[in-house]
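There is one chain below, alone, in structure tokens, taken in the form predicted alone.
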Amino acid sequence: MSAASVRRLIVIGLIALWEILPRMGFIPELFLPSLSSTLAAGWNEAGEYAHALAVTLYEVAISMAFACGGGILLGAVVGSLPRPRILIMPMVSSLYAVPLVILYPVFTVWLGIGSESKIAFASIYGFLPTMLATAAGIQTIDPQLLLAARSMGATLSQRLVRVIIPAAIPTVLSGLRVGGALVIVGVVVSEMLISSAGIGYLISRYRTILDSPHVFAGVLLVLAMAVAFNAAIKWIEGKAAIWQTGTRAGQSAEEIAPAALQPAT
């Protein structure tokens, strides 16, 4: 039996247990409502959940643009330049070890309880791992590839966009996977702490009145966002599979560098 088949069987088994155990009374419905009652609760309040999901997706999209885009660009710059790497990387690594959720009250003081504070918090939450992974990925690039690009007169921006980032794609995507997941977590957690809209807010509101089916309906939506994001990363990985170990499969650094420096059409 293939690994994919085993994974499907595990998922089907978990779904069946989710429905059967609460129905049979082995788990109190207050702690874990059955899957059918969870889906029914979400369907009955579909409009409310749809509006909350739209708010959360808006905040996640903007946060990912800042966290992942900024993390990749700054990580590429820091990883490719020795002096900034020596100065900045230890500080960023130390900051990453700090539980950043303790800073969220500071963002609410500065930016209020609207979307701005959640976007700022989630952006920083996902920015650090993306930057660290990108900077680490730069170190795996074939030095001959960088030397070839530099010897042909490539500017720093050309080396970043045409050589460094594409060559570090496997590691960059690993950081993107972690950073994007943390962005989703950051948005939802901030909505649960102080908010008046979003999936996290609904989960927190229904939790206070012990409405477990509606709580788990919100949890399912968060899970669906995470699964969709992971699927998108896998799709990007498939498209970027041509880049391996800093060079194209079957090509040398001398063959790649001239092509990388050609003007984009």
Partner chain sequence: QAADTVRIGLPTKTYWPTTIAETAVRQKLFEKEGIAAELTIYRGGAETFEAMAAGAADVILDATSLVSAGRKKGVNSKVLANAAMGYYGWQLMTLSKSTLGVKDLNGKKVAITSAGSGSDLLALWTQQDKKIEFTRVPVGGGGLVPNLLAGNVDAAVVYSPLSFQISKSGEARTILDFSKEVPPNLAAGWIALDKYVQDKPHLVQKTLNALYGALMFMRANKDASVKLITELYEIPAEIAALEYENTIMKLETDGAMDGPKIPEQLQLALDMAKAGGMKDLGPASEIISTQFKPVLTKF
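Numbering follows the first chain given and starts at 1. Please read all numbers here as calculations on a predicted model, not as lab measurements.
Separately, the form predicted in complex with the partner chain exists; it is not shown, and the next lines address it.
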Of the residues Ala61, Ala232, Leu30, Ala46, which one places a heavy atom within 4.5 Å of the partner chain in the predicted bound form?
Leu30
In the predicted bound form, Tyr206 touching the partner chain (heavy atom, 4.5 Å):
yes
So, in the predicted bound form, is Leu210 in contact with the partner chain at a 4.5 angstroms heavy atom limit?
yes
Leu74: heavy atom within 4.5 Å of the partner chain in the predicted bound form?
no
Considering non-hydrogen atoms and a 4.5 Å limit, does the partner chain approach Ser36 in the predicted bound form?
no
